[in-house]
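First comes one chain, alone, set out as structure tokens in the form predicted alone.
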């Protein structure tokens, strides 16, 4: 793994550690508080802080996961080269696009 990928993997891991903890804490708060889906959407609709938080979460995951998957595929299958790198870039773009779309949908709901 190149030094840049190593730093990206570790940096996004640190971001994900925080965002996953906040995300799970929010879920526990909502479930234990008895909030309905409508009440949750009411709180997130138009909330720029919500959108910014989940955009950071999604982008960190979209960078972190393909780097790890790339390492696994190289080790387990021997797949190497430009085709692997381009596939992981496409996978990263797919994760980012779908995740940001979901965050925007909740923001606009």
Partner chain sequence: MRASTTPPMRAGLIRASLRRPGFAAALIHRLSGLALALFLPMHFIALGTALQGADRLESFLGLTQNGFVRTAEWGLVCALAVHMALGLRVLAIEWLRYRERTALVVSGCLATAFAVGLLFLLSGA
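Numbering follows the first chain given and starts at 1. What you are looking at is a predicted structure, and each value in this text was computed from that prediction instead of being measured.
The same protein also exists as the form predicted in complex with the partner chain; that form is not shown, yet it is the one meant from here on.
> Checking a candidate spot here: are 55, 87 and 90 all in contact with the partner chain in the model of the complex (at least one heavy atom each within 4.5 Å)?
No, the whole trio is out of contact, none within 4.5 Å by any heavy atom.
> Spell out, yes or no, whether the shortest heavy atom distance between residue 71 and the partner chain in the model of the complex is within 4.5 Å.
Looking in the model of the complex, residue contacts with the partner chain include residue 71, since a heavy atom lies within 4.5 Å.
> Contact with the partner chain in the model of the complex for residue 32, defined as at least one heavy atom pair within 4.5 Å: yes or no?
Answer yes; at least one heavy atom of residue 32 falls within 4.5 Å of the partner chain in the model of the complex.
> Could you confirm whether residue 51 comes within 4.5 Å of the partner chain in the model of the complex, counting heavy atoms only?
Flag for residue 51 set to no.
> Any of the heavy atoms of residue 83 lying within 4.5 Å of the partner chain in the model of the complex?
No, residue 83 sits far enough from the partner chain in the model of the complex that none of its heavy atoms falls within 4.5 Å.
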